[in-house]
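Heads up, the chain below is alone and in the form predicted on its own; it's given as structure tokens.
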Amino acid sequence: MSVTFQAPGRANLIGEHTDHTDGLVLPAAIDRGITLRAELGGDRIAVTSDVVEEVVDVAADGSEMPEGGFGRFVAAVAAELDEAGRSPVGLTGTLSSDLPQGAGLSSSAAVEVVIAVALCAAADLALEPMELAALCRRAEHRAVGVPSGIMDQAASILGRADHAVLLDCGTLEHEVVPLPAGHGLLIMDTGVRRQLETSGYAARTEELAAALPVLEGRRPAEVDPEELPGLLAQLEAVPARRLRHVVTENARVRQTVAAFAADDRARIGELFAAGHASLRDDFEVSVPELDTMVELAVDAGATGARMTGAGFGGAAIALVVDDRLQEVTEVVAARYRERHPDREPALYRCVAADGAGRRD
């Protein structure tokens, strides 16, 4: 019998470049993701995809690692589950996706999560949500060697319709947070691909690491922004800017949660704007096209907008009142083409959705 599993992508509302210093993030699972339709059983994992021309066929215990492609993620998840004590029961299925490619919505994490959920079901293995998220994060490290944070996998697993997930990436404490009533999410892909993402990300990580000794063992999330003048005075200019972003961004996450609870739309707009400015000026990961998207969305009536993801291209996100979503989408797309005629934007209207699981 064929069964269906789905893992959503995620959109991070605020809390950018904080996860790799064990900080606070506020993502939401979205109503787009990766779906796996599969027959459970056997001793092999055989998976095809409607997105890429690749056939994955690996041992159910993850002992065979493909050299490239999404098969690396499949095998890595199976290997991590094997180490967690899962019986090596396989599956045969097909992956499909309605996640935009290159828009920073965590398609790789969604693949890891949907494979993990299906393999757990195949072997009748139950894992706690954060245990499963941590396992999928380790699988990503195993597959591609990228020291990513846990936000993407956790959001895909913990998501709840109409809510964001407040996650402390250090303690792994988490709670769901209602989004402002009557709002949807607008993902605005600039059409700028992230050729510089890897080197830029690594450089920012190194620059931030150079600033951390002034915290004397504290996480940036534990630092009050009022302490910053004294701390930054001990640093060179670039590490100082990187630290200022991370400390103030953690504070903005807390303040955004409070603004959501109060339905203070003006404050939400201020916090999103401050977050984008900090990413642009202090962490220096924005590009002109992202700045344009944010400006246009706010001018068109979005409650708040900011770049989302690693930066150096990719997408911005806007929080928009439902009855304005169509208008904002059309206005932003048209004006963006006028400002950047060499770029083709792609805009996607989304809502916050439930986390990964069986869907039939």
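A residue's number is simply how far along the shown sequence it sits, counting from 1. Just so it is clear, the model here is predicted, and its values are computed rather than measured. Basically, rigid core = biggest C-alpha set you can superpose within 1.5 Å across the two forms.
Below, we turn to the form predicted together with a small molecule, even though it does not appear here.
Checklist entry - So which stretch, 26 to 34, 329 to 337, 49 to 57, 303 to 311, is the one near the small molecule in the predicted complex (non-hydrogen atoms, 4.5 Å)? => result Selected stretch: 303 to 311.
Next on the checklist: Given that the small molecule is not shown alongside this chain, does His20 nevertheless sit within 4.5 Å of it in the predicted complex, heavy atom to heavy atom?
Outcome noted: His20: yes, in contact with the small molecule in the predicted complex.
Checklist entry - So, in the predicted complex, is Phe73 in contact with the small molecule at a 4.5 angstroms heavy atom limit? => result So Phe73 does not count as contacting the small molecule.
Checklist entry - With the cut-off set at 4.5 Å between non-hydrogen atoms, does Thr248 touch the small molecule in the predicted complex? => result Although the small molecule is absent here, Thr248 would stay clear of it in the predicted complex, with no heavy atoms inside 4.5 Å.
Checklist entry - Using 4.5 Å between non-hydrogen atoms, is Pro239 touching the small molecule in the predicted complex? => result No, no contact at 4.5 Å.
Item to check | Option touching the small molecule, based on a heavy atom within 4.5 Å in the predicted complex, out of Ala118, Leu81, Leu243, Met151 | outcome: Exactly one residue meets the criterion: Met151.
Next on the checklist: Let me test this: is every residue among Asp168, Arg252 and Phe260 within 4.5 Å of the small molecule in the predicted complex, going by heavy atom positions?
Outcome noted: No, none of Asp168, Arg252 and Phe260 comes within 4.5 Å of the small molecule in the predicted complex.
Next on the checklist: Checking Thr94 here: with the core superposed, does its CA move 2 Å or more between this form and the one not shown?
Outcome noted: After core superposition, the C-alpha of Thr94 moves less than 2 Å between this form and the one not shown.
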